[in-house]
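First comes one chain, alone, set out as structure tokens in the form predicted on its own.
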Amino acid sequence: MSLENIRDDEVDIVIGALHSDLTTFMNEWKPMFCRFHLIIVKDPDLKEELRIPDGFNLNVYTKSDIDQVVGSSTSILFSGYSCRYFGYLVSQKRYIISMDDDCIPARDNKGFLVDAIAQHISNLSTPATPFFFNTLYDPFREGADFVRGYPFSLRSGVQCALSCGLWLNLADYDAPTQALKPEQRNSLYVDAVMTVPAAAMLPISGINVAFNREVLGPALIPALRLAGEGKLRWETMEDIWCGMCVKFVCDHLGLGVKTGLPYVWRNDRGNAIESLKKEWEGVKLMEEVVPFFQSVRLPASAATAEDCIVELAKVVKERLGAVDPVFTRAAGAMLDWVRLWKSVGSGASSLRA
């Protein structure tokens, strides 16, 4: 995989540290991480000191750094999985690649290690085709092209702003599915990348995702938190809501989203049955969220990601706030996030832990 189109200094790898000992994680990723700058954000609720091996170009941000930058005048909480969003906030790079600390590099069907960093950059640096589906998937991959009947007027594609990778081993099931199929694991490695069609909704996971921060950064928001939110993937909904918002913004702005490669290997963690008690609130909320995003439209004057989130927050509060107070809080967090994004500037990037 060539990285010729992207300079090393245009990329930050953001890692949300929910575990104190990052030694194994960092060493597993060292061949891919060593070329790039890393931002490690320690979960503010994690009491132990982080253990990080030498040999990396990185900055670590702790609770004191978060408090210094964000202050207390915000509804946004950077705890748990949401700590990664602080890394998005303080980065000054064009591209962000987000990787969780319970994942290691996957291997492809031939047994070779997958360079997830290179694949994400390849996805972001080649066009996406959201307005007409290509049945050979991504026509910009080596060895592929547009199929017969694909309109030539659409073959130049649009800018790809978001790359959503997948997981091997523990797939991104919800708690009910995982509880019913406790032994089920994802071993199917599909060597494919596809553009998600315009107007199609999808959840995303911040575990293995990359995006163009310059054009899309403000649309990745830690806004919706469940009342009993926990520290396990099944017990959160912040990235599900984020995925709905960011895809909606991409569609409005004419940007592309790719999914498929790259894979990572995710280790087992948590108890699905116990987590189901906390996730059930989010399962019910999705029945309100989907019709909302199917029907909402933004004015043409919303020309940037910041504009879109501000306008979307207004409609969320107006139409969903009466359904559940969690949406009113989410709307407030969306506005706070845009204010933070505009105010942080280059000052935060100079912090050193």
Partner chain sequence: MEPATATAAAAPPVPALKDELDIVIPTIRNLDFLEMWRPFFQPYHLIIVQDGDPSKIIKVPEGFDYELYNRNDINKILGPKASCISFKDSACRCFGYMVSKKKYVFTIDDDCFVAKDPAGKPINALEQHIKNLLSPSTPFFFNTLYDPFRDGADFVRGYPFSLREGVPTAVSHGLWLNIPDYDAPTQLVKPLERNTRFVDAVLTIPRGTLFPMCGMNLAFDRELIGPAMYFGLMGDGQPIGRYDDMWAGWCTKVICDHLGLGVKTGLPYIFHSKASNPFVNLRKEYKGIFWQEEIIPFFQQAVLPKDCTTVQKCYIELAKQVKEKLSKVDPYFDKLADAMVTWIEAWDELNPPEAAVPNGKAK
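Numbering follows the first chain given and starts at 1. No experiment lies behind these values; they were computed from the predicted model shown.
FYI, the form predicted together with the partner chain isn't displayed, but the following is about it.
- This chain appears without its partner; in the predicted bound form, the one residue of 144, 118, 77, 273 with a heavy atom within 4.5 Å of the partner chain is 144.
- Put simply, residue 122 is far from the partner chain in the predicted bound form: not one heavy atom of it is within 4.5 Å.
- Residue 287 belongs to the set of residues with a heavy atom inside 4.5 Å of the partner chain in the predicted bound form.
- Of the heavy atoms in residue 294, some are within 4.5 Å of the partner chain in the predicted bound form.
- Looking at residue 155, you'd find a heavy atom of it within 4.5 angstroms of the partner chain in the predicted bound form.
- Of the candidate stretches 174-182, 86-94, 217-225, 248-256, only 174-182 contains residues with a heavy atom within 4.5 Å of the partner chain in the predicted bound form.
- Every member of the trio 148, 166 and 205 reaches the partner chain in the predicted bound form with some non-hydrogen atom inside 4.5 Å.
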